[in-house]
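Have a look below at one chain only, the form predicted on its own, in structure tokens format.
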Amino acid sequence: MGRKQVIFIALLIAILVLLPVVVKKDNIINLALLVLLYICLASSWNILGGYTGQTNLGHAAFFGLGALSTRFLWMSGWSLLPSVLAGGLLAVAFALLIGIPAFRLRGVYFAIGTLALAQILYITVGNVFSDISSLRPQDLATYQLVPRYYFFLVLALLITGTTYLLVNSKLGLGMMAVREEEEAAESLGVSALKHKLLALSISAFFAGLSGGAFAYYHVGYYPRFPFSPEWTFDSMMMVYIGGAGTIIGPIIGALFFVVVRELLALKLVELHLIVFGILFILVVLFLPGGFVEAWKKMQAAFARRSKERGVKVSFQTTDD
């Protein structure tokens, strides 16, 4: 990264750190917290879907397993951090369990297979754990939003930073080679199965951690709720809106998704989901590479016009 980019990122992190100090309204802190949650989820999905090219429709299973195990361990007396870490590791164990048979499927069949596995978990958890999971009275008495905001902020920085290091490593190059052409990557000595399993494990681990943070954040919810397919499809939507296979794409997509959804929910209470769905379709149709690709095209067009103007000016000077 260049010096300007480093300075910009440092300023952005400083603003996020100071946000609860400057802003005292809980609704603003809660909105920022939701953006950070979706950044975590979208970035974790992007590792497998964006950089490795494997469309995972069962991402909610990893998120739900992290939430379920973290909530159970934390409510049983474990400390928060070990509980969240255990949730991430459980998600990895499930990912490795289904990874080898699932990766025998390709394309749309892999996507349908992962969706089916996630739906099995969704239904099973709903049948086994049918009661609402609520915080203990002592936890409710000491509940504060700011510590949870910082927890999500640290997690979002961890996932984003790890993703940056990953995609700029040899492993990341192998993942992107598999995405572009699996057979060609295999012919060059890149093990497609190995890289897909590693990408799945990392993606599942971060989704499990995000689920653990979700369990720490919510006061009460049905245990099946984090397994809902909407967590998968929302993650995909944010990645494609921002730009798949990029670092900043999921961040832009999450910010756009949360802010626009909340505004539409306030203005169009009954129709906001339909309007948002139409808006997403328009973005996919006219901006297939997301906002990141659109910005690159704008920069390229601006540079081309500037160059053409420079050539015209030089011609005019020569003629004179």
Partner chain sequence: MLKLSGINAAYKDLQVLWDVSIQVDEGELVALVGSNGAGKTTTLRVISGLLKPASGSISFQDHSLGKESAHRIVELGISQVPEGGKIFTGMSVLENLELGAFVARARKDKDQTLKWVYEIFPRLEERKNQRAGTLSGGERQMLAIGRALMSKPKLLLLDEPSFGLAPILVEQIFEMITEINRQGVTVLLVEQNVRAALELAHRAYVIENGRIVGQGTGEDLLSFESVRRAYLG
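What you see is a predicted model; the values in this text were computed from it and never measured. Numbering follows the first chain given and starts at 1.
In what follows, reference is made to the form predicted in complex with the partner chain, a form of this protein that is not presented.
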Can you pick out, from 157, 86, 198, 176, the residue that has a heavy atom within 4.5 Å of the partner chain in the predicted complex?
176
Can any non-hydrogen atom of residue 170 be found within 4.5 angstroms of the partner chain in the predicted complex?
yes
Touches the partner chain in the predicted complex: residue 180 (any heavy atom, 4.5 Å):
yes
Even though the partner chain is not shown here, does residue 77 get within 4.5 Å of it in the predicted complex, heavy atoms only?
no
Is residue 132 a contact residue for the partner chain in the predicted complex, using a 4.5 Å heavy atom cut-off?
no
I need the one stretch from 202-210, 78-86, 136-144, 188-196 whose residues put non-hydrogen atoms within 4.5 angstroms of the partner chain in the predicted complex.
188-196
